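Quick setup: one chain, the form predicted on its own, written in structure tokens, and binding and motion questions come after.
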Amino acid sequence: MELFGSLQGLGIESATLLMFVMLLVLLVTGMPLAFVTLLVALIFALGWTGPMVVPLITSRVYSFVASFVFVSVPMFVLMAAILDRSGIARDLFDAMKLVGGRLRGGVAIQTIIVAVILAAMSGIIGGEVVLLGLIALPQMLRLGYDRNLAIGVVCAGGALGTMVPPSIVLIIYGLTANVSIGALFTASFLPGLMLAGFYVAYVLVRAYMNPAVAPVAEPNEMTGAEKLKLLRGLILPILVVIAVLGSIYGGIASVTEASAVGVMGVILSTMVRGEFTLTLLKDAALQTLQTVGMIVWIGIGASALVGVFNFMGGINFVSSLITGISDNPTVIILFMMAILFVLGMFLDWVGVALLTMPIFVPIVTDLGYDPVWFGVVFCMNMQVSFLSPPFGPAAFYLKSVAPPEISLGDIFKSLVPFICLQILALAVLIAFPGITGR
């Protein structure tokens, strides 16, 4: 009670600093982010205004989880979970041999193309990194690829699910910023391909400057029948991508409806391949429940905290601080990017989006920028967070399936050039916003 009473005597400046310190201290103890934000929200709600503000918090939380578009999140997660358990990704990778061929660095380029197609099927990065780590990494190492290049291609390619629609990061941003998710998907398509193109260019430059880092695959003459058999591995994934993205861009279905179409497409694909079982569906559903449960809890905690902070007047205070940095709008955007970059090194992207976007998006709009463009820029920033130490999740996903001689330190060291490419792509997006079509 003494703590609650002392909070009432604080100014917004001191209260904001205390809230930040409490968040930091509780996170260091290892407590999950969702519970940290909920606890801090409750302390400040009771200490600043008393119990009467609690219903306001619950109504804010309800408005977040009750959004119809939110239904698409578990659908896309379920798509990824089913893909994890099927042989679709492996057949897709084998089919891409026809693209790589005898090109130097061909297997690495093949891996990036497969990563783009998998990203367009599910929008989840964890499954992609693990799949590519199991399929592509051993083949590149066996062919004598430079280990750092092979690791970087797998991690960076697997993380493309953040940028390529239907990205769940874009969906959560759209819900938080109250902008059209269909518009976000359209705006992010070209930047996602641009980033993948940067990766391909890097592989080609490295391979032709130093042929030893990416040997040409051994010649393997295939008959027309064998090539046709490989190409069949492309048909089902491409049909699923067309069904999902085509229905959205064609105006046939909303994002939520398209996510259901995607799940049905993946299930039918496993049936056609003879892989569908009730056990597969049950395991995929349990994985989906676990993943979405984590997202929902983080969303509840972050929504509660932002609601309390807004009620205290904290959002206006922080907004004035940020806009006071400079009269140049570009400098303010770069300052926001720096904040997001630092937060992304330590927090889950869901928490970063839900904690910062209610503050950042109104500022961006007041500066005259398009919130859809900013959503794409935010997602590109989160690309960096998936690879950057100390908690880059892509590195930990790969470590779980990588050969034991590859350490976590090796993985992070291998990611440095790809982080630089992501920062370059982010700079291009800021300098040339027309790439998003906005």
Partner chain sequence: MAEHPSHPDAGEADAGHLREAGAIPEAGALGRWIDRGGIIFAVGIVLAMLILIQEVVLRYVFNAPTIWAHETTIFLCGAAFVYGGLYCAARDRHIRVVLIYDILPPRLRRAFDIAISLISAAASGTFAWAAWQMVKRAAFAPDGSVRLERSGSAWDPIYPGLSKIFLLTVLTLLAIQFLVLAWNYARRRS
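This is a predicted model, so every value here is computed, not measured. Throughout, rigid core stands for the largest set of C-alpha atoms superposing within 1.5 Å between the two forms. Numbering follows the first chain given and starts at 1.
Form predicted together with the partner chain: not shown, discussed below.
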Counting only heavy atoms and a 4.5 Å cut-off, does the partner chain in the predicted bound form sit next to every one of Phe70, Met75 and Ser407?
yes
Stretch from 325 to 333, 230 to 238, 289 to 297, 142 to 150 whose residues place a heavy atom within 4.5 Å of the partner chain in the predicted bound form:
289 to 297
I need to confirm a contact call. Of Val216, Leu367, Leu281, Leu193, which residue comes within 4.5 Å of the partner chain in the predicted bound form, counting heavy atoms only?
Leu281
Using a 4.5 Å cut on heavy atoms, which of Leu103, Met337, Ala285, Val200 is close to the partner chain in the predicted bound form?
Ala285
Give a yes/no on whether Pro211 approaches the partner chain to within 4.5 Å in the predicted bound form, heavy atoms considered.
no
Against the partner chain in the predicted bound form, would Ser319 count as a contact residue? Criterion: heavy atoms within 4.5 Å.
no
Applying a 4.5 Å heavy atom distance criterion, does Met345 contact the partner chain in the predicted bound form?
no
Would you please decide whether Asp91 lies within 4.5 angstroms of the partner chain in the predicted bound form, comparing each non-hydrogen atom pair?
no
Between 252 to 276 and the partner chain in the predicted bound form, list the residues on our side with a heavy atom within 4.5 Å.
Ile252, Ala253, Ser254, Thr256, Glu257, Ala260, Val261, Val263, Met264, Ile267
For Ser400, does the CA position differ by 2 Å or more between the shown form and the other one when the superposition is done on the rigid core?
no
Thr365: with the rigid core matched between the shown form and the other one, does its Cα shift 2 Å or more?
no
Return yes or no for Leu424: a CA shift of at least 2 Å between the shown form and the other one, with the rigid core superposed?
no
Just to spell it out: taking the C-alpha atom of Ala187 and the C-alpha atom of Ser67, is that distance smaller or larger in the predicted bound form than in the structure shown here, given it changes by 3 Å or more?
farther
Your call: Val179 and Val36 CA atoms, closer or farther in the predicted bound form versus the shown structure, by 3 Å or more?
farther
